[in-house]
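Before any questions on how it binds or moves, here is one chain, the form predicted alone, in structure tokens.
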Amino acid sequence: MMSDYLVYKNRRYHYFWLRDNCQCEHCRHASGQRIHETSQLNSTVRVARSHETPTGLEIVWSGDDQHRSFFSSQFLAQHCYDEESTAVIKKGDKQQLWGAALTDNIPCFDYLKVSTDDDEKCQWLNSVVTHGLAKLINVPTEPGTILKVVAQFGYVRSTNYGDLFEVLSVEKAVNLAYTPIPLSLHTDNPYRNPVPTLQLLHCLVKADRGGVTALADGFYAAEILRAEYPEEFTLLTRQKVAFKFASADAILQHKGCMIEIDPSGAVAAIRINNRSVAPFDLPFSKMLPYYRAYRQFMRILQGDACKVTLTLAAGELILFDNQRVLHGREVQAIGARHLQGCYADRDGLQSTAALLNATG
């Protein structure tokens, strides 16, 4: 039987994949974007001849035009999809799950250094990619500075709360976040589609007492649930529930799974918010099992093995992945505690990190 792939460096590449990813000037614009239409390529394309060079692989394709392609060794290694291959981990790409042991080891960086040194900025952003969070110290306590922090890597995600929001106690609060009372671990805005993927919280004034921030790696907790309570894990990844928010200027609603997995089965997102989850609307036979699964997941998240606590001082800021890291308030804040918060999107941070990693 005629093969439909070739082998390079002990890894298999389909002919059609190679032809579709030809890097020549006729197939790729100078911007890197594909010129040809994949749907119009010959699905039974064959290699007329191929030749390994010191830097990569040359291919001449069968057909009247004898089209030529060259693939560098680096390109083929980076994009290898052979099931038997080991995934190539680019600098700053590998996730690191964490639990309570991170309490004294939260990635921490100086704002001035991040603002003036690309290597320091690269490490800061890589920490958000790998750990889902990082802390900045010595951030000026001038209101609005949080927007300048976002400008270091991307753009503010504006919502009905504005470009930024004030975390302090107000009368007739539209959100429990604007009260001093404790808040259970949660992700923000699960009632939106899409959900803001990054959140920043900047302390301007520290509370006299209390106001302790709790954090937990939802991916780590989900893996504990998967290992110890597989049926409960499956239920939370398959049954969607609704989240709602309503105020004088916004009515928002979205349904999603509390634990979202990708096609490979890896945990991709967490959606937990006790304040805004709507009454469950599930089949009768699944209602109580779902409650058991939800409660078990929350026990794991709130447990000593998962939870990290810290008290933000004035001039400290945390940046975290809002679809991975849950946050809450452990103890009622006493005194004039004042934080500012805002949202941003993960793709901007990842883009800036990728540029810095490529030049570093």
Ligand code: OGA
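Not measured: the values here are computed from a predicted model. Residue numbers run from 1 along the displayed sequence.
There is another form of the same protein, the form predicted in complex with the ligand; it is not shown, and what comes next is about it.
Have a look at 149 to 157, 194 to 202, 116 to 124, 262 to 270 and name the one stretch with heavy atoms inside 4.5 Å of the ligand in the predicted complex. Of the stretches listed, the one contacting the partner is 194 to 202.
Using a 4.5 Å heavy atom cut-off, state whether Y229 contacts the ligand in the predicted complex. Y229: no, not in contact with the ligand in the predicted complex.
Is F165 close enough to touch the ligand in the predicted complex, meaning at least one heavy atom pair within 4.5 Å? Although the ligand is absent here, F165 would touch it in the predicted complex, with heavy atoms inside 4.5 Å.
Answer for T213 alone: is it within 4.5 Å of the ligand in the predicted complex, judged on heavy atom distances? Within the cut-off, so yes.
So in the predicted complex, is the ligand close enough to L183 to count as touching (4.5 Å, heavy atoms)? It does: once the ligand is placed as it appears in the predicted complex, L183 has a heavy atom within 4.5 Å of it.
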